[in-house]
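Okay, here we've got a single chain as structure tokens, the form predicted on its own, with questions on binding and movement later.
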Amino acid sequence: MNLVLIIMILALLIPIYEAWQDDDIWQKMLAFASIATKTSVMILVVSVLRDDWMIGVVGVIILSVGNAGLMLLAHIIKRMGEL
């Protein structure tokens, strides 16, 4: 269990490094969307291992709603830069 979570946390470092390194707003938003997806999958893994469905519901909500709001924000930021 601990090894799986450690590997997942290490996988989170890749998009964090990419967001820190790149100045393009779309690349940053995609990196943050990747972080949100990976953390929600981590929440789902923890909920299955702990047999706690309430934590799983939170992971599903983050997985389904979180990325849509982030992409909408990126589109608004891009449109404001065009004006």
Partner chain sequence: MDDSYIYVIVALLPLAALILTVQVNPYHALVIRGILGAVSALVYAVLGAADVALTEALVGTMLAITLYAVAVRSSLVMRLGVLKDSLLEAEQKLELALNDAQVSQRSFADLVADLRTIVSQYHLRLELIPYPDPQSLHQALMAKEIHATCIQRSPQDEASIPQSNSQPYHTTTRIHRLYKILQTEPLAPMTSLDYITALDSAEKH
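Residue numbers count along the first chain shown, from 1. Note that the structure is predicted; figures quoted are calculated from it, not measured.
Beyond the structure shown, there is the form predicted together with its partner chain, which is absent from this document and is the topic of what follows.
In the model of the complex, its partner chain sits within 4.5 Å of a heavy atom belonging to residue 12. The shortest heavy atom separation between residue 48 and its partner chain in the model of the complex exceeds 4.5 Å. Residues 42, 43, 46, 50, 54, 55, 58, 61, 62, 65 are the ones in 40 to 65 with at least one heavy atom within 4.5 Å of its partner chain in the model of the complex, listed in sequence order.
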